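Only one chain is given next, in structure tokens, and it is the form predicted alone.
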């Protein structure tokens, strides 16, 4: 019988910390990105090989793309927004691989998948949202110094003070917006695929699988693009 769990299932505990199937998938995504980074950069050459060429195309394309959003600030933002994009994209696509959500073990009468899409766990998306919002504050103070604090606390007149309160609420709401947008889209896609595979396991789920590949790309773009845009707004706030 088809069973869909909203929270990620706990596989075991490590030093008292619960290790979920979504966290296990996250570690796999991190390992893949780290290995690819090492392989692409360990023997850099003016005449690059196939893997270095592919890495330069991907990184260069992303740099130009985000540069159209952040302008002269792209040098500061790119390491983070580029990493966010690649991490979210790979996590979304790995979550669609055969075995993710279907390979596992039985605990009593409950089936526990060994792997689960990382972005289908709200804890993961909230963590990414917090990182993005905190990074926005970091870049703001780094570029504008103590003047950046006037965005939130300004006693010059009641209007500016009220605007500062609204800015605080706006930044806090970004965490909710970032987290639930990414989680909702990815989790809904995985539920759709699970239902289609349960009802009609052959051929029919394929169009939905390709659609989810596209959705995974779009969600990675949306999250990283919005982050880049918010970073740019933060550093240009004084202007």
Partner chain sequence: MEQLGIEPKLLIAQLVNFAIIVFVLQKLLYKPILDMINKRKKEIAEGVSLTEKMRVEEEKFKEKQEKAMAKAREDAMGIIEEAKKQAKEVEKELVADAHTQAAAIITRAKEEAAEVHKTAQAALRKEAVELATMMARRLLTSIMSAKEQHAYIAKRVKDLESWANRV
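Numbering follows the first chain given and starts at 1. Computed from a prediction, not measured in an experiment: that's the story for all the values here.
The same protein also has a form predicted together with the partner chain, omitted here; what follows describes it.
Enquirer: Is the partner chain close enough to 27, 34 and 46 in the model of the complex that each of the three has a heavy atom within 4.5 Å of it?
Expert: Affirmative, all three are within 4.5 Å.
Enquirer: Given that the partner is absent here, state which listed stretch (140-148, 125-133, 165-173, 92-100) has heavy atoms within 4.5 Å of the partner chain in the model of the complex.
Expert: Stretch with heavy atoms near the partner: 125-133.
Enquirer: Even though the partner isn't displayed, in the model of the complex is residue 113 close enough to the partner chain, meaning a heavy atom within 4.5 Å?
Expert: Residue 113 lies outside the contact set for the partner chain.
Enquirer: Is there a heavy atom of residue 83 lying 4.5 Å or less from a heavy atom of the partner chain in the model of the complex?
Expert: Flag for residue 83 set to yes.
Enquirer: So in the model of the complex, does residue 79 come within 4.5 Å of the partner chain, heavy atom to heavy atom?
Expert: Yes, residue 79 is a contact residue.
Enquirer: Verify the contact flag for residue 180: yes if a non-hydrogen atom of it lies within 4.5 Å of a non-hydrogen atom of the partner chain in the model of the complex, no if not.
Expert: Contact with the partner chain, yes.
Enquirer: Across 43-64, which residues bring a heavy atom to within 4.5 Å of the partner chain in the model of the complex?
Expert: Heavy-atom contacts within 4.5 Å come from 44, 45, 46, 48, 52, 55, 56, 59, 60, 63.
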